[in-house]
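Here we start with a single chain on its own, the form predicted on its own, put down as structure tokens.
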Amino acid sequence: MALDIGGDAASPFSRAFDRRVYTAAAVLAGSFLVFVGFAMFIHWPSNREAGYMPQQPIDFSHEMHAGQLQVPCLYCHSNAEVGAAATVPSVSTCMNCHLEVQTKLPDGELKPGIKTLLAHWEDKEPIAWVKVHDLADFVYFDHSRHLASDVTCQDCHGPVEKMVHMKRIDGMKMGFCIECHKQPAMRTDRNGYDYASTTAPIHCSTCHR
């Protein structure tokens, strides 16, 4: 007498086993699709490196300095108006204010960032800031040329004056630059800033020299 295990006549396995196999296959297929989709999102040129926010040697707040205190960007990044690189502020630039302004904690101790700044000042050592916006070596970008065209800091760096911790708002790949270069004379960017700009060249030698 043949033993009936509840499966199809053509299948040596039970229906319960078949269901488990189909469920496992569906889960694996779904997981694979999610993984592929996530990988494509991460590596898509406009998203790659967006949100990069490295830890800095001093917990510097742009929201406090550029936002609340309205310190102009060019006061700290003084080379942006005259050269290709914006440069980061020297310790002496920071100390122009912090020789007098030295904030303290409720217990009377200097804030850690102020302590670190004063230590660098006393030791005559530069602060090893970590670059947040670092283009590839084969890309040439001139800050002074863009500022002369009325491009604002926020157009590339986002609403810096609202950032407690500086981060990248975009991957800043080639498409990001070309999209801007193709824009008409007047436009409003995604952060709500209006600026004037002439249509810029998009041939290879503009950025790759």
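Numbering starts at 1 and follows the sequence shown. The structure displayed is predicted, hence computed values, not measured ones.
One more form of this protein exists, namely the form predicted in complex with a small molecule; it is left out here, but the text below deals with it.
- In the predicted complex, the small molecule lies farther than 4.5 Å from every heavy atom of S31.
- Not displayed here, the small molecule is kept clear of V82 by more than 4.5 Å at the level of heavy atoms in the predicted complex.
- At the 4.5 Å threshold, heavy atoms of A50 stay clear of the small molecule in the predicted complex, well away from it.
- Residue contact check for F38: none of its heavy atoms lie within 4.5 Å of the small molecule in the predicted complex.
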